[in-house]
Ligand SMILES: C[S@@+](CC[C@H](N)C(=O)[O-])C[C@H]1O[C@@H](n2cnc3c(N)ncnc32)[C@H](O)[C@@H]1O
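Only one chain is shown below, in structure tokens, and it's the form predicted on its own.
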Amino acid sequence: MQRKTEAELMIDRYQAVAYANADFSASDDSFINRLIWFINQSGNSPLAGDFLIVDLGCGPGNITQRLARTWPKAHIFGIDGSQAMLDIALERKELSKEFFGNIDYFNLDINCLVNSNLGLTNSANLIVSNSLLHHLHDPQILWKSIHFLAAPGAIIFFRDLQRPLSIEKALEMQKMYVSEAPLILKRDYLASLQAAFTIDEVRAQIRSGGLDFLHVCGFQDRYLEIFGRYNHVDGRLS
């Protein structure tokens, strides 16, 4: 199946609310568990004391809040280009009984990140992203952001959908995973599967982006994961 791009941003309030109200708790918890597994496997973690986490394409804050619970002493930046999504993230932060004072949200298109004045140049110790890559019409924007954001030894952990081989398989996955979801989510899920990349395509992207040692592997039947540790000395991940 050939890739078919979708809208880069979820700017419609109704679309953002439908996404925020969906139950992604199992996959969100799995994301955090896999991240912790990788950190434990990699050794010499830079995540100690006062460190910075950047959540790219944070949406309504599902992963961002889980990061804050896991590392309550970290400073966390949630960045998203959709104000509709960030409005929900800010509402959740305000209404939560938990204290999320270590989270700051910023409405910023990733295309403009490297020209922003947030003071993030080579300062992030952990960079995460969940389901952002498939939205991007030019995926190199994401890989360039790693070079801009990552501090020496930074941990990078991304997860995204993996494009099925055929539209028939995509429709099968839509029925399997979102059959009870609102119509707008069913539509968006199918569009996201069609817009997603294959493992080989992502490997080619990271080679082109000078991130040859960033690892890419499949996870379960619908995701791919991208992970590694940044080395500023030679501009590579290990």
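The structure displayed is predicted, hence computed values, not measured ones. A residue's number is simply how far along the shown sequence it sits, counting from 1.
Omitted from view is the form predicted together with the ligand, to which the following refers.
Figure note: of the listed segments 116-124, 149-157, 134-142, 67-75, the one touching the ligand in the predicted bound form, with heavy atoms no more than 4.5 Å away, is 134-142. Taking non-hydrogen atoms only, Ile103 never approaches the ligand to within 4.5 angstroms in the predicted bound form. Among heavy atoms of Leu9, some come within 4.5 Å of the ligand in the predicted bound form. For the chain shown alone, Cys58 is a contact residue for the ligand in the predicted bound form, at least one non-hydrogen atom being within 4.5 angstroms. Although the partner is absent here, Ile63 lies within 4.5 Å of the ligand in the predicted bound form, judged by heavy atoms.
Residues of 77-109 lying near the ligand in the predicted bound form, listed in sequence order, are Asp80, Gly81, Ser82, Met85, Leu108, Asp109, the criterion being any heavy atom within 4.5 Å.
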